[in-house]
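Below sits a lone chain in structure tokens, taken as the form predicted alone.
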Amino acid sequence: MEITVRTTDLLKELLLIQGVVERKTTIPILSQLLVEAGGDGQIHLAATDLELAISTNCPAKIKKSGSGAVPARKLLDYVRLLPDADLSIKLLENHYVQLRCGRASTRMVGMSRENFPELAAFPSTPPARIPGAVLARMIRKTIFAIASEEARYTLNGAQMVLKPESIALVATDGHRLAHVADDHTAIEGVPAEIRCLVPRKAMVELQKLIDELPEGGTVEFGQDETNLFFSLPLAGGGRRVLAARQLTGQFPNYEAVLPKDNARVCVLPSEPLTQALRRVAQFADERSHAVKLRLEKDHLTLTSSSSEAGEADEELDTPYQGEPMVIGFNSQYLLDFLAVAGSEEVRLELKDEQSAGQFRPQGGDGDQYRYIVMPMRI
């Protein structure tokens, strides 16, 4: 294999791929980047950690076709230091890889291409086509609620529900639940309802890929018995494909926990509430992050205290006319919601001190967004 590629073009693809490269692994080949050169003026790049895989293309001049495995992290670190110029990459004997850029020259120790895992291919069935902007917005509004505990396997991802006329994404860690739906977007290629669990790591990498989509771009979605596939077009031709192993198991029946009779409602300005919460949270218990909300006629009071830090309280005006009540929440959970609500005002809907509170944007992006948080005893 012998190719010439622009350093800026290669660097862009290397940065997108790094998220799935295994750095601490007992399987050395997983720290490698697969580089394949054909006759179409593109090189094919791929990386995998066996749970997630990304493949992409990069324009290049192909002098000699072939393939090899190159240390992914070392290649990125080296290319980062090169100027915007042509880079020559040549596969030598014993899996060495030679790189030349201007007067700079280096040889890296690669590995045999035969040892690289076989990557799953995008299904041949017609894909579902999801507007990239819609999917990116939904990921942003749910990803923070995904469980990080490995023991809760089915909560380590978000449930995606595709229908011919709508899309929904749901995530929960058992203490809070984020649910966002768009009933005004037709999803091409979905003859009937599709439900699947998208792993958190796949959503993180998918966000990065969608950020590179041109305005109005779409994401093609497919699945087989074991994998989920997301394919995105490249501006210069070709596609970037993310493949993720499906999470197995039963996602909780989230519809059963969505509040239906939270009659105590107050509307609050998003930015003042965010700033007040940040200040009050400075004096909350470091483990629980608990903040007390006291709701009374025409105002809401936020309070916190800890034996180590002290105490704080702030008051906000709200047109609330219901019965007074006091309820506690994890302040970080509320700040996570406020960071992505996308509206100047938010609604806090409560039932009583022991029941989950529901937060919604007042207005917002046009989708249906609900965020349910379990209360704390304080």
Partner chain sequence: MSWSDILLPPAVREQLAGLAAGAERNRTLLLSGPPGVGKTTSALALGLALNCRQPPAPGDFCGACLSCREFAGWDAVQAQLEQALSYRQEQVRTRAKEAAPLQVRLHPQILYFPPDGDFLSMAQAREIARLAYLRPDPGRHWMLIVPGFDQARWMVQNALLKLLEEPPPDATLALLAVQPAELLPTVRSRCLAIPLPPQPEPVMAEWLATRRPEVRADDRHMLLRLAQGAPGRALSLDLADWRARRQTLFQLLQATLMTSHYDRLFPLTENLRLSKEEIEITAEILYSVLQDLLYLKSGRSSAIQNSDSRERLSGWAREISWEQLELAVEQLDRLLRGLRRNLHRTLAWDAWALRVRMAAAGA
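Here the structure is a predicted model, which means the values were calculated and not measured. Numbering follows the first chain given and starts at 1.
One more form of this protein should be noted, the form predicted in complex with its partner chain, which is absent from this view; the next part is about it.
- Contact with its partner chain in the predicted complex, defined as a heavy atom within 4.5 Å, holds for exactly one of E93, E308, D84, E225, namely E225.
- Interface residue among S270, Q246, S166, S231, judged by heavy atoms within 4.5 Å of its partner chain in the predicted complex: Q246.
- Only one segment in the set 62-70, 314-322, 341-349, 28-36 has residues whose heavy atoms sit within 4.5 Å of its partner chain in the predicted complex; it is 28-36.
- Shown alone here, R23 lies within 4.5 Å of its partner chain in the predicted complex, counting heavy atoms only.
- With a 4.5 Å cutoff on heavy atoms, L50 counts as touching its partner chain in the predicted complex.
- Though the partner is left out of this view, P117 does reach within 4.5 Å of its partner chain in the predicted complex, counting heavy atoms only.
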